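Take a look at this single chain in structure tokens; it is the form predicted alone.
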């Protein structure tokens, strides 16, 4: 498993991001935990104050990102991993088309990721080393009817990360796209998912896969299933409940 000395995790106040922070710190990594909810970050940092640094930040404050990124890298004394785990997925009804709900999904899932990961790309291209991890979703593999904009946001993130991967591979930089299936978290609580993976287990698998550039599902079954799903012709797919 790849060892990291200094990392930034954006979206660290709950779910997968929070667990990634904990697991990195347990392995001796100094971690900047970045998220909007300062109280949650304070609780997290108190678990390991020598290794976890809390930075309160709203990922939609795009103009603040370059300065904050540089400050964090300086405070950490270096940087070799950046994880973007922030996500928004409000509950959307089957016949609901609500721009007020759609907008934050693009602002958080796409624009926030670009703002942060562009900074990581600049730094790592210059240092000729480093790892970028973006937490996507199997939801981005097809345009399913349940969550049109969430699906689109994760598809956009996957394509953006692929483009970064193609740019940065020649500079010795890993770019890793993670496509989890259902995971137990606050964001998915309203979906009442059965058999969802615990966030701690998802984090463990993500860190294990972070050493290999490319796209990764967290379960072999998802890899096989979505290989098939992506190849179902659209006229047939729109009749299926998947």
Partner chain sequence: MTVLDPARIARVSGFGFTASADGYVYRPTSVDEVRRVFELARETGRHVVLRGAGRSYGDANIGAEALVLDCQRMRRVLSWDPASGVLDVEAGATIQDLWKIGLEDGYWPPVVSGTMAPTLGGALGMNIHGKNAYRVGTLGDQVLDLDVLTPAGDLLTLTPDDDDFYAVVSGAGLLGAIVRVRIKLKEVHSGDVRVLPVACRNWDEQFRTFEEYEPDADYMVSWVDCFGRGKQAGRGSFHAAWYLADDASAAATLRLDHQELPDTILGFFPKSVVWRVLRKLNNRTGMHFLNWAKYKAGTVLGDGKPLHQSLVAFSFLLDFVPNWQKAYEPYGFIQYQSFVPREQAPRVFAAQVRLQQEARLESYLGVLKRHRPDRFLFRHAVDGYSLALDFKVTRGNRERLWNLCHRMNDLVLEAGGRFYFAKDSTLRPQDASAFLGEEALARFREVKARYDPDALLTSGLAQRLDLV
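Quick caveat, the model's predicted, so the values are computed rather than measured. Residue numbers count along the first chain shown, from 1.
This protein has a second form, the form predicted in complex with its partner chain, left out of what is shown; the following refers to that one.
A.B. asks: How about residue 49 - does it come within 4.5 Å of its partner chain in the predicted bound form, if we only consider non-hydrogen atoms?
C.D. replies: Because no heavy atom of residue 49 falls inside 4.5 Å of its partner chain in the predicted bound form, the answer is no.
A.B. asks: Is residue 126 close enough to its partner chain in the predicted bound form to count, meaning some heavy atom within 4.5 Å?
C.D. replies: Residue-level check for residue 126: yes, a contact with its partner chain.
A.B. asks: Is residue 77 close to its partner chain in the predicted bound form, meaning a heavy atom pair under 4.5 Å apart or at it?
C.D. replies: So residue 77 counts as contacting its partner chain.
A.B. asks: Would you classify residue 122 as touching its partner chain in the predicted bound form, given a 4.5 Å non-hydrogen atom cut-off?
C.D. replies: Flag for residue 122 set to yes.
A.B. asks: Could you tell me which of 210 to 218, 26 to 34, 60 to 68, 177 to 185 sits within 4.5 Å of its partner chain in the predicted bound form, going by non-hydrogen atoms?
C.D. replies: Selected range: 60 to 68.
A.B. asks: Though its partner chain is not shown, can you say which of 89, 138, 156, 73 has a heavy atom within 4.5 Å of it in the predicted bound form?
C.D. replies: When its partner chain is considered in the predicted bound form, the option within 4.5 Å is 73.
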